[in-house]
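One chain comes next, on its own, written out as structure tokens in the form predicted alone.
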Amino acid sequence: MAGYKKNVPLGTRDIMFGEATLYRNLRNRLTGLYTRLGFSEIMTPGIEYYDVFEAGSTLPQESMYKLTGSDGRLLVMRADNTTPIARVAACKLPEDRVTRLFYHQRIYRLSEGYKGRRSEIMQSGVEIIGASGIQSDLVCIHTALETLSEVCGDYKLELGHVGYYNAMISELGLDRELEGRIRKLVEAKDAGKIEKYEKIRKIPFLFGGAEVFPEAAELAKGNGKALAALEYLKKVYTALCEAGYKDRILIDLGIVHSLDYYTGLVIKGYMEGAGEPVLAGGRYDTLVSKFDRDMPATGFGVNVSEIAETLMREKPKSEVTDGISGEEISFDEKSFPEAVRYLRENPGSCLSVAHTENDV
């Protein structure tokens, strides 16, 4: 029985030729950017103990690929990049200084049966560990803006603050399950399904430029924590506008993220032609403490798979080649030395693998 020997699992696919080259070029360009901005690379294992994600991630366990190690312990294929880096921060990074990290790593999540949904995603991103305050938030957002500019062409970055939403929802005293359902509806901007809670229904519509701030302040009147979060966001927005990014940034108080380990400023990035956000992140000051060390942190991840697929859709098929772009040099065993000398003198050429009549 043939089974699935010619197939790949749902949500995965083979990447070849020009597309593989594109992935490599994106990685190289991002590596160059991150190192110029002062970040150092980190690589974490492709598999982790389940305990790591149980402690630090808010992903449902049903979305994780699980396997059993030789010691009988439950393992998980890397479902998120930030949680393992938080583990590293707690165990191996110094507490008395700021560490800037970047990564290029795949994550694996069960696609939940949705057609076309990826189970294997190439991500790139940065984490700033050990720094709090507006300066580190501005560094993170600046890096995100430069990242989008480097690889996305036309782009927009949305700014929000989960403190605003958290303060507003806490007024209602809801149980955790209902609050989780409402969070997902707000994140999806599906306000029509949010019943009874009039203020929460309006949050997904708090979107745009500076005009959002007075409207959001009016909605949060009397809620000191929500107003404080809004004032902080306004300071960040103003600084970015004065730095020349006004045309690239928007306010969106409906960004709450399904990964609810975020504690402050949050961001989402979009590129023209992409079907989903290509960048997401924010501040997560309590995540590292799940691994028994208190360290503030902020960062973001970039969906390189979505960027690459968007760029590939824009490429003419004629540009997607097997990598042979120069002259092919024919030879036999007697002319092989001469062919090698010619190859050395003519970079870009390659040796032909076509057989000749003398081949046995």
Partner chain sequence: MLRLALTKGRIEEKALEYLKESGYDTSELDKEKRGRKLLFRVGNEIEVVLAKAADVITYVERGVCDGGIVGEDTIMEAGANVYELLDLEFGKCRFALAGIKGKDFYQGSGHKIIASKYPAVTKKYFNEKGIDVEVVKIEGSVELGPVLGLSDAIVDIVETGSTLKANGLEVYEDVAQISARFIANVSRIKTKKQEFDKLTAALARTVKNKREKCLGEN
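For clarity, every value in this text was computed on a predicted model and none was experimentally measured. Numbering follows the first chain given and starts at 1. Think of the rigid core as the biggest set of C-alphas that the two forms share within 1.5 Å after superposition.
The next section is about a form of this same protein that is not shown, the form predicted together with its partner chain.
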Discussion item. Is it the case that Glu120, even though its partner is missing from this view, gets within 4.5 Å of its partner chain in the predicted bound form, heavy atoms only?
Written reply: no
Discussion item. In the predicted bound form, is there a heavy atom of its partner chain that lies within 4.5 Å of any heavy atom of Glu48, even though the partner is absent here?
Written reply: no
Fill in: Ile107 within 4.5 Å of its partner chain in the predicted bound form, heavy atoms
no
Discussion item. How about Lys246 - does it come within 4.5 Å of its partner chain in the predicted bound form, if we only consider non-hydrogen atoms?
Written reply: no
Response to the item:
TL;DR on 145-153, 182-190, 85-93, 234-242: the one with heavy atoms within 4.5 Å of its partner chain in the predicted bound form is 182-190
Worksheet item: Is it the case that Glu158, Phe207 and Pro277 all touch its partner chain in the predicted bound form, with a non-hydrogen atom of each within 4.5 angstroms?
Response: yes
Worksheet item: Given that its partner chain is left out here, which of Met271, Ala79, Leu101, Leu219 has a heavy atom within 4.5 Å of it in the predicted bound form?
Response: Met271
Worksheet, complete the sentence: Heavy atom within 4.5 Å of its partner chain in the predicted bound form, from candidates Ala131, Leu250, Leu75, Val139, belongs to Leu250
Discussion item. Taking 2 Å as the cut-off, check whether the CA of Glu177 shifts that much or more between this form and the one not shown after a rigid core fit.
Written reply: yes
